[in-house]
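Alright, here's a single protein chain in two forms, structure 1 and structure 2, each given by itself as structure tokens.
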Structure 1
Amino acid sequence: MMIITSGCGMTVLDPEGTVGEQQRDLIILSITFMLIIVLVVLILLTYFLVKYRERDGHRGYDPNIDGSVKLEVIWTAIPIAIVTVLSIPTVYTIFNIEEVPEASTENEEPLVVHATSSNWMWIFSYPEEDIETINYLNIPVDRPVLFKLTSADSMASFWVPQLGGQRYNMAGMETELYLQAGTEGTYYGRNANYTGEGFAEMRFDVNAIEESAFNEWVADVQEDAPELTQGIYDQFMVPGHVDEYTFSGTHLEWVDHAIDAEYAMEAWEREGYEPMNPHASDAPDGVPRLDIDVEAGSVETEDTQNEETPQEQDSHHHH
């Protein structure tokens, strides 16, 4: 795994896209203010301690001072002013990063990618390109990407620190996140929200590549990659770690986890997986690494989800 670390060494302060840059600016602004506050407190504290410590020849003791309206108004007003000053760029940025990020390419229409978490792996579907990848993500550089986030089971959080802040993936719901990569490269992405045993390793690479290279890759995948079937897909519902995979077709054809929160549990049954007390004597040691059979065909299910296309339904958009 390649991690691009910056000159100053801190990923979040060294963003490579417009979303992350806005957040970095906000962070730097706030750090500046906060350093000043801490300094003021430290200086006053030190000064008083040195000057008024009990000692021979102590001076200035006055036990009866117990307040001063003027001073108290001043130090109520100062925090109010600081909070106000910080609120404005905060609110501005909150709203701004919900919008399509500015792009320096002619293709300004955002690329849509569905990012679905499943214990403990990442499933990325490109509905327009009709391809799906597991545990890695290719995106065109510069072009904004709209991530539609959901989860098959536990709540996860989709995070690519160098591109921008995170957002939750929740089963039965869909959240959205815009990101954009300003430079080519491989970025470290991960689940930031604890999901149990396999959480620490629930990472993925984001490869930002030239638009033309991206299109070529898409065409190759459409042509050469094995086709995703429900039989293959169900194997990814079983908790465990898997390698990187690439498929043509997407699972959105038979399930959108943003609408159907129960799919994973049904898939467990089909796959014969049963949750087990981690302290049981026959419980596996650690997180299993799953071998996916990419030849597996489709499965017969009693309640076919296929009949209604998920996209037509009005998904539970968050709150």
Structure 2
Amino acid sequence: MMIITSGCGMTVLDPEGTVGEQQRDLIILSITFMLIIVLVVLILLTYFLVKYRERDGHRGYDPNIDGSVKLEVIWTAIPIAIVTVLSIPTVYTIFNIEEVPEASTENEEPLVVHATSSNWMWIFSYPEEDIETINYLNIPVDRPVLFKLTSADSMASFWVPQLGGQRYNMAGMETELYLQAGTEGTYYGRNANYTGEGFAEMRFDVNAIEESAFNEWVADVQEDAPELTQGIYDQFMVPGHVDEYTFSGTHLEWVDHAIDAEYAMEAWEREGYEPMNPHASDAPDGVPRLDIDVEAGSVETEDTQNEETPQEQDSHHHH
């Protein structure tokens, strides 16, 4: 199976953080245990096929056998034992990854990041640092990160395969997820829940950097990045693809989508956007790419068909 699926990448089995490592170990344990069960079943099947095959001199067997207490106990006890053996490490891992990962840095407090999904982009708010990014985020390596997940519109699923499993983003509520990067690098993240025609390109990068570099980046953003206003933020509520953006300030100053599930639709009205059935005869082809001018507060819409996606570009353009 691993050879057949090798073209799909094996990043889940190549984690770079404590949460991902625990989930990797549980996956390998489960697969190994199930392979042993399959092997035993195939061996027994082969044995019985050979032993009771039709042949000369075969005495046959009586199919009307019932009332064997010994057999009933065996085929009841074996499934119970299998479920029990698989449940113990599964429950232990599930509860363990809900706890704060152990930090190996001076700053042991988790970095809090609000990850908000919107069709079809990701919005990352750092409330304690008072900064916000679109479609990428920087985190300090070896420090736990507490993601507070919600959605502005459709239900999405936040997933960074090399750092840990996915968790859902839903409007009007908030879920939490702890992750930690154990090695510097850029990790691929995406929406793992289908949300329409722009779903495939709803991706982001997680850049794990040294704590000192992270602090310098935060200071630079606070000083140099354009300030996020409600007028600019409303433009990001319009469905479409965008490049990466960086702002000082966060949208949490005027809306928390975990509490206000209607904000995006209200923003559509303010922006003059009217949702259309994508299958309608007059529906536009493809998902629009929005070029938002954060200085002028205007937005241009481009046809993105056959265009290169941000992740496919060699360099990232940070507005």
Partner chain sequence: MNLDWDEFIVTGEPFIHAGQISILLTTLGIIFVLTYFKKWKWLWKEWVTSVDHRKIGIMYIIASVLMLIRAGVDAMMMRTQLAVPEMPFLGEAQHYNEIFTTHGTIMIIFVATPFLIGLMNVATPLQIGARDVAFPFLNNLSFWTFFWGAMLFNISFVIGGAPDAGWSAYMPLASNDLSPGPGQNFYLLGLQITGIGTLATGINFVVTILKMRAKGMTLMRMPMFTWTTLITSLIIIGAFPILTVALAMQTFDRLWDTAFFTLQDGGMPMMWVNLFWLWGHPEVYIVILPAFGIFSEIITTFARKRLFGYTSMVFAIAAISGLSFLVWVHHFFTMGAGPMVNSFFSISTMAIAIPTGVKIFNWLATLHRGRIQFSVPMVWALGFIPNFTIGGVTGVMLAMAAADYQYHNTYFLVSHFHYVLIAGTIFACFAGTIYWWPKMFGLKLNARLGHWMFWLFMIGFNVCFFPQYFLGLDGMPRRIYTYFPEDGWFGLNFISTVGAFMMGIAFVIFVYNIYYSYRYQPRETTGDPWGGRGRTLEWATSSAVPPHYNFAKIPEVKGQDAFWQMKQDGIDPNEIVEYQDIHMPNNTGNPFIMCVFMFIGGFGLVFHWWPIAIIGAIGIFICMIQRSFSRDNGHIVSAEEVRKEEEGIREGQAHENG
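From a predicted model like this one, the values you see are computed outputs, not experimental measurements. If you superpose the two forms and keep the largest set of C-alpha atoms that fall within 1.5 Å, you have the rigid core. Each residue is numbered by where it sits in the sequence of structure 1, with counting from 1.
Novice: Only one of the two shown forms is the form predicted together with the partner chain, so please name it by number.
Specialist: The form predicted together with the partner chain is shown as structure 1.
Novice: Kindly check if the Cα atom of residue 47 is displaced 2 angstroms or more between structure 1 and structure 2 relative to the superposed rigid core.
Specialist: Yes, shifts by 2 Å or more.
Novice: Would you tell me if residue 280 moves between structure 1 and structure 2 by 2 Å or more at its C-alpha, with the rigid core held superposed?
Specialist: Shift of 2 Å or more: yes.
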